[in-house]
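Listed next as structure tokens is one chain, alone, in the form predicted alone.
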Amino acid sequence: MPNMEISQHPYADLLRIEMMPNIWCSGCRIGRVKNAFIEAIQNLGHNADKCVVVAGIGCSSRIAGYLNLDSIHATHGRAIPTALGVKLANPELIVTVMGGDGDILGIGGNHFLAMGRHGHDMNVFCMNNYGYSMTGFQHGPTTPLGARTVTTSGGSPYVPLNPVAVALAAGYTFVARSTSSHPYHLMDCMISAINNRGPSFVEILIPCMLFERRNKIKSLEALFLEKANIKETLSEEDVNETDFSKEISLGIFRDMPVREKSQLTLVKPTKKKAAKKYHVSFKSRDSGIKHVQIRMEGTGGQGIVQGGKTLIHAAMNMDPELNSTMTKRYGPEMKGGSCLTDVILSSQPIDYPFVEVPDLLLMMSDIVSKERGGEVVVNDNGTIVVDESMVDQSLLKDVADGVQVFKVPATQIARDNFKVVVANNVMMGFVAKTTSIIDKACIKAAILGSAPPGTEEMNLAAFDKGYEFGGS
């Protein structure tokens, strides 16, 4: 028989030789998991350029650094969302998350749940060594009840999380359990997971010598080999068979080739009516506006910003040749805090977009004025339209004699006839009637263009109510 000369190790193409030797403790079984993954890729015949591994922080997560594949070493607990970004950027890639129980199920636990629910076609291979090993072995989400760690020296008082049960509940389409002591079974589980469509999860039990020393266990690997029971079919009882001192059920708990999405059962389907189409005709014209500054102020949630948008769109409907700017300002609380919107309309280019002294002031609340110490800022020859449902009238006693003041209970009208949220359009109708700045049809067309679907009739009716009030 001729001598067969082996030129390189069979895993060499998928290893970063320059990174060797690895940092794992002598006898650590994470290397065996790495080898099983390499064999799974080789058996599937996948192009290495199509395979991506993403890992977080920890002993197990260091696998990404030793694989000669496109890989990312993400931050602690963020491997899954990082991997999701890769998958969304290129859905053709085979994306695998590899890490420990602390990184994936502890710090990254919420991402782990979300991935199962959202159903993306990715693999999560979680090496469960029952704690945070890299930093001296602290208590983790899977630490057995009564086990000693750096942070539970008297024994863990917490019931451990069951990774398989969580994955099943979260909706992973493939769920399996294996150990580093059963490399061929582990490789088969990895191959099945990669072939499965949808989110796949494999829990891989691995021994850690730090855990063994603190808990005076001679060999976890020996216990895995002795207590493990590989089964072709697994029952609900097998999900909870995880105690290495008694029995460990290994195998595939779920394998759903195609994602089966649940249907809503609480909501009865109804036939959707065709939405009524509304149209408002208007004619554009030369507005004759030279320079007008408008401010709408009130409380976040009153539609102050939307009101500013309505005004500026209405002005553009009326005179497309106008120059215009809109700026909005609000405090740290968008809803409930002070809010104002500035609109400038000008026949000339606008150099400065902020209103300093408005020619037209629309007050839907007095919160802005009260924040100024009760001062109402308006041009001495300007106009104020005030929502008397919401504004303290005593604030208006010091305005200049040349200021025109109009009062409309916009919020009360909206509350009595529609909903409070359309009070801003009641104000728009009143403004259209009592001032000559912007045409009625142009404002109504602007309201129609921004009203959420299904609310067009209510918003236009609110405008008409305000317009009618202005003529009373």
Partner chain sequence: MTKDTKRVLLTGNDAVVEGLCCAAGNKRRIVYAGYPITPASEVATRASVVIPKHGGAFIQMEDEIASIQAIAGAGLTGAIAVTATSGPGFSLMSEGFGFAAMIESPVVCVNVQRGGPSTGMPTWMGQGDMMQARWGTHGERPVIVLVPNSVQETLLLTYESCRLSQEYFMPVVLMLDEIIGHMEEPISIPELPAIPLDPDFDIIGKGHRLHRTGLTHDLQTNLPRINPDAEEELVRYLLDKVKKNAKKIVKYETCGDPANADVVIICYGSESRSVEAAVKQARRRNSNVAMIRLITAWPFPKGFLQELDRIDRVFMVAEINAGQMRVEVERYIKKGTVQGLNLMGGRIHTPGEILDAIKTITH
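Positions refer to the first chain, counted from 1. Given the structure is predicted, the values throughout are model-derived calculations rather than measurements. Note that the rigid core is defined as the largest set of C-alphas that superpose within 1.5 Å between two forms.
Same protein, other form: the form predicted together with the partner chain, not shown, and the subject of what follows.
Remark: residue 211 does not count among the residues lining the partner chain in the predicted complex, judged by a heavy atom distance of 4.5 Å or less. Taking the partner from elsewhere, residue 13 is found to have a heavy atom lying within 4.5 Å of the partner chain in the predicted complex. Taking the partner from elsewhere, residue 82 is found to have a heavy atom lying within 4.5 Å of the partner chain in the predicted complex.
Proximity of residue 329 to the partner chain in the predicted complex falls within the 4.5 Å heavy atom cutoff. In terms of contact with the partner chain in the predicted complex, the residue from 351, 401, 232, 237 that brings a heavy atom within 4.5 Å is 351. When you look in the predicted complex, the only residue of 153, 110, 135, 393 with a non-hydrogen atom within 4.5 Å of the partner chain is 110. Exactly one of the stretches 276-284, 383-391, 69-77, 246-254 approaches the partner chain in the predicted complex with heavy atoms within 4.5 Å, and it is 69-77.
Residues 50, 52, 62, 64, 65, 68, 69 of 50-69 are found to place at least one heavy atom within 4.5 Å of the partner chain in the predicted complex.
Once the rigid core is used as the reference frame, the Cα position of residue 323 differs between the shown form and the other one by 2 Å or more. Superposition of the core reveals a Cα shift of 2 Å or more for residue 309 between the shown form and the other one. With a cut-off of 2 Å and the rigid core superposed, residue 249 has a Cα displacement that falls short of the cut-off between the shown form and the other one.
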